[in-house]
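One chain follows as structure tokens, the form predicted on its own.
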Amino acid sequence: MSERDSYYASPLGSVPDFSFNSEVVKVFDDMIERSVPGYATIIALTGQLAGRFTRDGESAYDLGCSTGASLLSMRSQLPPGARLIGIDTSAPMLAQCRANLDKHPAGCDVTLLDADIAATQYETAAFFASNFTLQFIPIEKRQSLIERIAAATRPGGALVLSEKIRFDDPHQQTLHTEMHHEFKRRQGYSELEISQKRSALERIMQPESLDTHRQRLLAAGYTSCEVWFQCFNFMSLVAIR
């Protein structure tokens, strides 16, 4: 369990870009649970979906594994002979991830890689999870990344892609943004915290529309793609190869 998030509770003046540094790692689990509506449900059911698609002896990936929430959920559902691979570029995140995995050692083998998911060559796998990671990848790299993931997904395998999304309709965009901010207020965040975090993220996180994600997945070679979860401007897709 992480510390309670107060990272943006004090005025910062010029707000720096958000970074997955050691100070963020200390509060990350609390931060994301109180910032993303439906996060706990997405994590729990990512494990269930991984168990549905991954057979004994097969591999599954968590792309942008952070502190290991998705990995732990997936590990609890996979057969003992499966293999899990978690990838992240943040050394502090990976260190905390390993510590969290070590607290719950039962289950299949887990390998952690300090690597850029946009530059990784993937082995054939039954299942990929990307929970709130693609939005931090430069837009111009996203199509080629999804194509490489699709090429590595065995026939009948799947990708779960969870993202914050934007809406083309300005009325819907305003509604869902305001509802998200109200959700955060109800989780105990102040107006200052909401404002400063939004400023920290706006230069490094680029949400896209649901249609853009769906078209990219189908163009990459997935044969079907549907939303299985959505709450306000956060959604999760399952794409089947």
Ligand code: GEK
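In this text the structure is predicted, and so the values were computed from the model without any measurement. Residue positions are given as counts along the sequence shown, with the first one as 1.
Keep in mind that the form predicted together with this ligand is not shown, yet the notes after this line are about it.
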item: Region of this chain that lies against this ligand in the predicted bound form, out of 186-194, 39-47, 207-215, 171-179 [heavy atom, 4.5 Å]; value: 39-47
item: Option touching this ligand, based on a heavy atom within 4.5 Å in the predicted bound form, out of L161, M93, A82, V110; value: M93
item: In the predicted bound form, the residue from I165, A152, L72, I137 that sits within 4.5 Å of this ligand by heavy atoms; value: I137
item: F20 within 4.5 Å of this ligand in the predicted bound form, heavy atoms; value: yes
item: In the predicted bound form, S66 touching this ligand (heavy atom, 4.5 Å); value: yes
item: Exercise: T89 in contact with this ligand in the predicted bound form, heavy atom 4.5 Å; value: yes
item: Any non-hydrogen atom of T133 within 4.5 angstroms of this ligand in the predicted bound form; value: yes
item: Residues within stretch 18-33 having a non-hydrogen atom within 4.5 Å of this ligand in the predicted bound form; value: F20, F28, I32
